[in-house]
Every structure is written in C-alpha cells, then in structure tokens.
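Next comes just one chain, in structure tokens: the form predicted alone.
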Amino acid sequence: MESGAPLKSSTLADSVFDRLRTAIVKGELPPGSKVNEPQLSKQYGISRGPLREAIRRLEGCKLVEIKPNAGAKVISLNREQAIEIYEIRESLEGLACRLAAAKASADDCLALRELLAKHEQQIESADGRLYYQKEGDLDFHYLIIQLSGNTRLFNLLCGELYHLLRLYRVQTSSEPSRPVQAFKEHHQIVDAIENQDAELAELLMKRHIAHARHALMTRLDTDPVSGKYQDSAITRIKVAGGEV
C-alpha cells in the first residue's frame, strides 16, 4: 500500500503537467502571466504537492520561470530568444529532412501524405486562417525528425525543448495566408523526400522554417512595447490554436 501513494502523486503530477503545458503552448495561460497555485489547485482538484512538481517540470521545459519570493510565471516571448530558436530549428530540422529523404520508405511517405490530408481538412474548416498541429505523431515536423533515424538529433529537437519550440511555432499560425502557404510547403517537402532528393529536402525545410521565422518576427515587431500584439494573438489562439 505504501508504494502505491507515490505512484498516485506522480500520476497526478503527470496529468497536470500535460494539461498546463498544452494551456501554455496554446496561449490559454498567457505569456508573462503568474501561475496561480491556489486557483489551479482548485481548478484541477489536486493538492499543492503534485501541482508544484508539475510546475518544476514546466520550468525544466523552459515554459515557466520560477523566482524566489515571486513564484512561477509563464515565459514571455522574447525576440532575441525566438531568433536563436529558429536558427537552431533551421539548421537541425534541415539536417533531419536530409536524413529522412535517404531513409524514408514508401509507407513512411504515405503516412506523411495521410497526415497532411487530415491537416488540410482542418485548414479548410478554419477557412484557411489556422493550422494547428497536435503534438507527437500528429505533428508533421515531429514525424520528419523521427524519420531521420538519428536518435541524438531526435532527442535535441523532440526532448524537453520540443514544447518550447511549439510555443514559438503556434504564434505564426494566424498570420494572413501563412497556414495555406505552410501546408503547400509541407507537401513540397514530402515530394522531395519521396523522390529521395536529400539536398532539395533539406533546402525546402530550411526555407520553410525561414518563412515561419519571418512571420513570427513580423508579429513580434507589431507594437512590442504595449504588448497589444500578444493580446490579439492570444485571443485568436484561444479560439482554435495553430502552428506550422
């Protein structure tokens, strides 16, 4: 019986961690907002212990900042940090795409096509305004990295920093015309992988991420002092969410 209690606490912490992480990535917990422990404890019906464990894990994912005597706050999007993240993405995801083109099977390419078909239905239902990819196997980029067959590369891009990457990606989803354009770029990338053109696959992925970076910079440069950019972006993300 005694060994069952820690497991229950850990399971609760896992569940709350997943829910809070999703809320942060989708903008339901806005950047810079204080993580209100009493409120969240009541909302999720859990004690403060598992909640604090979940918050510490979110700090490890770089999604919250914990300061002595100030508590935890959701990270704020920072232009300089965003540029660094996208520089890393462009280089490493380009490499992953090159490797995927050399290793992906016909079935792998079919799975990518089927995923994009689901994404197309979502984009159409949102009238081309949003392109939200869920995590893991429902994420086009995640699958490409997985197909690279490089474990260290996968761990770098899809480990604890994965959701920090998604936090930045989600901000570009509601830029005018970006969702439809991103979808077309995804199809071009699959074409290159299917043709085993590693050089072109890498180039297209790097160009795709560069386009997403430009869209994000455009948003971050919109009234960066007052924060009106963040408020309007979060309002749209709360409706349905999105990322590329």
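For clarity, every value in this text was computed on a predicted model and none was experimentally measured. Just so we're on the same page, rigid core means the largest C-alpha set that superposes within 1.5 Å between forms. We number the residues from 1 along the sequence you see.
There is another form of this protein, the form predicted in complex with the DNA, and it is not shown here; the text below is about that form.
With the partner left out here, the DNA still marks one of 30-38, 190-198, 211-219, 57-65 in the predicted bound form; by a 4.5 Å heavy atom cut-off that stretch is 30-38.
Though the partner is left out of this view, residue 47 does reach within 4.5 Å of the DNA in the predicted bound form, counting heavy atoms only. Interface residue remark: residue 185 is not counted as part of the site for the DNA in the predicted bound form, having no heavy atom within 4.5 Å.
Taking the partner from the other structure, the DNA in the predicted bound form has no heavy atom within 4.5 Å of any heavy atom of residue 206. For residue 149, no non-hydrogen atom is located within 4.5 Å of the DNA in the predicted bound form, even though that partner is not displayed. Annotation for 51-65: interface residues with the DNA in the predicted bound form are 52, 53 [heavy atom within 4.5 Å]. Shown in the overlay between this form and the one not shown, fitted on the rigid core, is a CA shift at residue 149 smaller than 2 Å. Comparing the forms between this form and the one not shown on their rigid core, the Cα displacement of residue 115 stays under 2 Å. Once you line up the core between this form and the one not shown, the Cα of residue 99 stays within less than 2 Å of where it was.
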